[in-house]
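The chain below stands alone, shown as structure tokens; this is the form predicted alone.
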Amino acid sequence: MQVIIGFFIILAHLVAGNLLSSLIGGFIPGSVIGMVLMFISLVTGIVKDHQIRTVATFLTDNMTMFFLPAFMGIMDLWGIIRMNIVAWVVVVVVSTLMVLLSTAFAQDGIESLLSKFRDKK
């Protein structure tokens, strides 16, 4: 029963995120809004972590199955990708470095802000 409740909670947040996304014209993906809603629910205590832990652990442990359809789509386009392999490699490397750097700067900024708040207390 706990698994069904946990799955329903996660699915309800996803549906709410998709509905909100459609209301704002799809500017932000529904899955992202759903994750933010789930985060807010967890932080505020509306949803307790023990309610979704089993389902969340299962989903993250089996994340590969969610990427399989995208991987198969890429393999269908291998002929096009192979013709432009250098450009693809450059795009992948540059975008990976951009994500790495933006994450590092964001983490550094958050740690700086937190240290300022700790010093004031």
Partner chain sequence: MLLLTVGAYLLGVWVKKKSGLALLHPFLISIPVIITVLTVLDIPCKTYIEHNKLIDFLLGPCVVSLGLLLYDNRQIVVKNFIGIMTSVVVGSLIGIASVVLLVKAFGLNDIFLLSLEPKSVTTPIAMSISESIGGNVSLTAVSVVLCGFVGAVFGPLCIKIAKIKSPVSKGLSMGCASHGLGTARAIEMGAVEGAVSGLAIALMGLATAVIIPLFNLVLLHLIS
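We call the rigid core the largest set of C-alpha positions that still match within 1.5 Å between the two forms. Positions refer to the first chain, counted from 1. Model, not experiment: these values are computed from the prediction.
One more form of this protein exists, namely the form predicted together with the partner chain; it is left out here, but the text below deals with it.
In the predicted complex, the partner chain lies within 4.5 Å of some heavy atom of Leu14. Phe8 falls outside the set of residues with a heavy atom inside 4.5 Å of the partner chain in the predicted complex. In the predicted complex, the partner chain lies farther than 4.5 Å from every heavy atom of Ser22. Within 4.5 Å of some heavy atom of the partner chain in the predicted complex lies at least one heavy atom of Met98. In the predicted complex, the residues of 76-90 lying within 4.5 Å of the partner chain by at least one heavy atom are, in order, Asp76, Leu77, Ile80, Ile81, Asn84, Ala87, Trp88, Val89, Val90.
In the core-superposed comparison between this form and the one not shown, Ser102 has its Cα shifted by at least 2 Å. In the core-superposed comparison between this form and the one not shown, Leu113 has its Cα shifted by at least 2 Å.
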